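Single chain ahead, written as structure tokens, the form predicted alone.
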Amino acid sequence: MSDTDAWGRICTDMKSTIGKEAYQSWIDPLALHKIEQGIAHFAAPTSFIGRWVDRNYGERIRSSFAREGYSVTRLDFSVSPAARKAATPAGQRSAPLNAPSAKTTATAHAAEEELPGSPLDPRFTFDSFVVGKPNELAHAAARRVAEGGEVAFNPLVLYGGVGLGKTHLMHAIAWKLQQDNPGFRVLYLSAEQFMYRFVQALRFRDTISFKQMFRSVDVLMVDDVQFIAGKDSTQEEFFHTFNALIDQNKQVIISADRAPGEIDGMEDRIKSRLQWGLVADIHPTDYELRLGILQAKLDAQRAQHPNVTIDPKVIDFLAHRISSNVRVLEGALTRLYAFASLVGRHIDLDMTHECLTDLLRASERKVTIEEIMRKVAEYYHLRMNDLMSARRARVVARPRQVAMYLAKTLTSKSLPEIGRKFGGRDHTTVIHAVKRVEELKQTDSQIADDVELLRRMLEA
């Protein structure tokens, strides 16, 4: 049994007991060099990490070595750039992104031992971000900040619901800053990590090091800031860190799930500060943006599953039906390709319903006549007013009949009620429309396909 094998088993055990995030921040960056005369010698990216691990996990690690048959009485940590490199997966770098500095002040020294932030996802770049009207402002603002140089607006606050692209843009900014300004010290982390590290600093009476580390960065990026709401001491420190960086003209970038003024439990002075700069809302995705996202993901899926084919109607169906967030949308496409690859089937609408039953059920809603009219108008590139108008042109009349047919088959509304919704028409007009569409479904494959696709989009 080698020392490294024993350390590998200890790492596996610690990952499951202390949690993935804590493991990646503190244990994963370590490299065991040797065990000699009761001392386990490790290489660490910074001396701060070594001291922190010894203080917080030292007893646990020594006990784990004892279970492996080693008598370890002390841990020794030496700083090694190789450990920093080994701790970072290929193709990915961790934030903060530190470069050698000519400064010799205590603050500069602290910067060399900055707390490691969250790792950056190499998939989340500006090149892979699909831009549409709902996220146009946020994307433009993120691009502007990522250019570096003179601070244009400070802070930049990105807010929106879950899975709409806030974290993607945060990572993209960090990657761009890293690429264009290698001397920048960029710290990206979640609000929960900020709070956790501040609490640890209080616990071990080491707040001075904490302040020096967080206030010596060039760019501070805090994701999901709403999580510090209601945490008075953390908000106090966040407020002072925020002010110190702004006063130094250092860039601050924040994300939240709602507008700063709407975060319950957040101090008014922090709300006010967050609203000083540019607050950019990422709106829920619309059909066009969802379609663009799916099209952008198709190439990767086709490359991974070259033998799987997909009906274009499926992409259109997913873009219409799954509107909750981008993660669910992308996950749906991934699941379809994986399922089709395993069972050797073509991806069509029937298989989509079979494979995505849970996702489709979660997105179900009670269909209304107004919703049917809106979907039909959107599908045929008309306005809702056209469906309620007196126009008899076929380009309007046929979609109107389809909408009436769907209203009759997908809702419990009476014929007179449906007629009133369509510009006050008589119930006999609705009867005629329903019969006509039923006839056309038997003879016109295009109408049959249109009705089936619209029904699947709307059906609860």
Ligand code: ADP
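Residue numbers run from 1 along the displayed sequence. Quick caveat, the model's predicted, so the values are computed rather than measured.
One more form of this protein should be noted, the form predicted together with ligand ADP, which is absent from this view; the next part is about it.
To verify the annotation, which of these, 193, 241, 167, 212, has a non-hydrogen atom within 4.5 Å of ligand ADP in the model of the complex? Flagged contact: 167.
Taking 4.5 Å between heavy atoms as the contact cutoff, choose which of 120, 130, 315, 359 touches ligand ADP in the model of the complex. After the contact test, the surviving option is 130.
Each of 22, 58 and 204 near ligand ADP in the model of the complex, meaning some heavy atom within 4.5 Å? Heavy-atom distance to ligand ADP in the model of the complex: none of the three under 4.5 Å.
Answer range among 167-175, 259-267, 141-149, 378-386 for contact with ligand ADP, defined in the model of the complex as heavy atoms within 4.5 Å: Among the listed stretches, the partner-contacting one is 167-175.
Is there a heavy atom of residue 330 lying 4.5 Å or less from a heavy atom of ligand ADP in the model of the complex? Heavy-atom contact with ligand ADP at 4.5 Å: present for residue 330.
Using a 4.5 angstroms cut-off on non-hydrogen atoms, would residue 277 count as touching ligand ADP in the model of the complex? No - in the model of the complex, heavy atoms of residue 277 and ligand ADP never come within 4.5 Å of each other.
Contact between residue 161 and ligand ADP in the model of the complex at 4.5 Å, heavy atoms? The answer is yes: residue 161 has a heavy atom within 4.5 Å of ligand ADP.
Ligand ADP contact in the model of the complex: residue 297, any heavy atom under 4.5 Å: The answer is yes: residue 297 has a heavy atom within 4.5 Å of ligand ADP.
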